[in-house]
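Just the one chain here, the form predicted on its own, laid out as structure tokens.
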């Protein structure tokens, strides 16, 4: 698909012209495959009115493609994604949070793995906008979660020009690439929010973001032993298929049941992270069997065959939240959590949400 031009504000349309406006958006190549909300001038102005930012302010770029993102282009794409205007301060915070990921500043958006942004929202804005933090948190059904995440995808597509079969080089891509925006379940978490680890005071609305390769579930509801539970996570994190480089980060989105089990055993986030950092990895013999026991000067794994088979190759390069961010989200109805394959590490830097928001009445909001 070829992108004909950057999206622009379209004229106000009456209801009878809605279908024609949607088809116009498709014809311009602006869509991610789903229908778009026509971004009329009046609608975009309502988005811009929620923040104290100049419309022409540049908020991101890909220098090697000579493309930039402005506040107004962000508003246009947020409108087309289906956001309400009051979501826009969260969209801008999410975009800045992702921009702090070093891979997003280079070729991350064009990676052959087709990375997906993971956005985590903390603070009062979760309830104000109706962001889902509980059951089905990785799935569909909640407008702010779905449309904030979709906004980022449309900005990458339409402002930066990264489209499939063009500048995007994903070999297969990821399901749900532009849909993972979740609110942390702070009410059932025994630990400090992710945004606090990202430098934002507790109780402040903020967004954290990172590029990810995929997510993998850990279903463990048959043990009350914290070390048995963590061993299951270590095994999943250490899967050889994910070992591309000498070191590679990961993350965990614990369900409340798993988080509370660990906390009841006296473990803090730092304790959980330290336990996993020490044990995640594979023996050289395991890596040799899949042709990944060697590491080149560029950090990429290859088949060596001459290494000590008994040596243990640790996965993580450090022990901080940047190599293993930990979040709590989902329902407390089963022991099912997610391991997140982080592309190049979290920035360990969260972004406060600045702007006016209006409470949402959507069912399913954080209580």
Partner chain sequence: MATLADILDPTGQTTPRIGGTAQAPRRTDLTGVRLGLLENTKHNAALLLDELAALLQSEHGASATVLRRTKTVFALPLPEEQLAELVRECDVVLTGVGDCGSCSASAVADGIALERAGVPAAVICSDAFTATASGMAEVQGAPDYAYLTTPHPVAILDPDAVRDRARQLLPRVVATVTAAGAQQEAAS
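Please read all numbers here as calculations on a predicted model, not as lab measurements. Numbering follows the first chain given and starts at 1.
What comes next is about the form predicted in complex with the partner chain, which is not displayed.
**Message:** At 4.5 Å between heavy atoms, only one of the stretches 151-159, 138-146, 256-264, 117-125 reaches the partner chain in the predicted bound form; which one is it?
**Reply:** Looking at the partner contacts, the answer comes out as 151-159.
**Prompt:** Is residue 63 close to the partner chain in the predicted bound form, meaning a heavy atom pair under 4.5 Å apart or at it?
**Reply:** Within the cut-off, so yes.
**Prompt:** Is residue 268 close enough to the partner chain in the predicted bound form to count, meaning some heavy atom within 4.5 Å?
**Reply:** No, residue 268 is distant from the partner.
**Message:** I'd like to check something about residue 211: if you look in the predicted bound form, is any of its heavy atoms closer than or equal to 4.5 Å to a heavy atom of the partner chain?
**Reply:** Result no; residue 211 lies far from the partner chain in the predicted bound form.
**Message:** Contact with the partner chain in the predicted bound form for residue 339, defined as at least one heavy atom pair within 4.5 Å: yes or no?
**Reply:** Contact check for residue 339: no, nothing within 4.5 Å of the partner chain in the predicted bound form.
**Request:** Would you mind picking the one in 199, 226, 106, 82 that has a heavy atom within 4.5 Å of the partner chain in the predicted bound form?
**Result:** Going through each option in turn, the one that passes is 106.
**Residues in 144-171 with any heavy atom within 4.5 Å of the partner chain in the predicted bound form** = Heavy-atom contacts to the partner chain in the predicted bound form: 158, 159, 165, 166, 167, 169.
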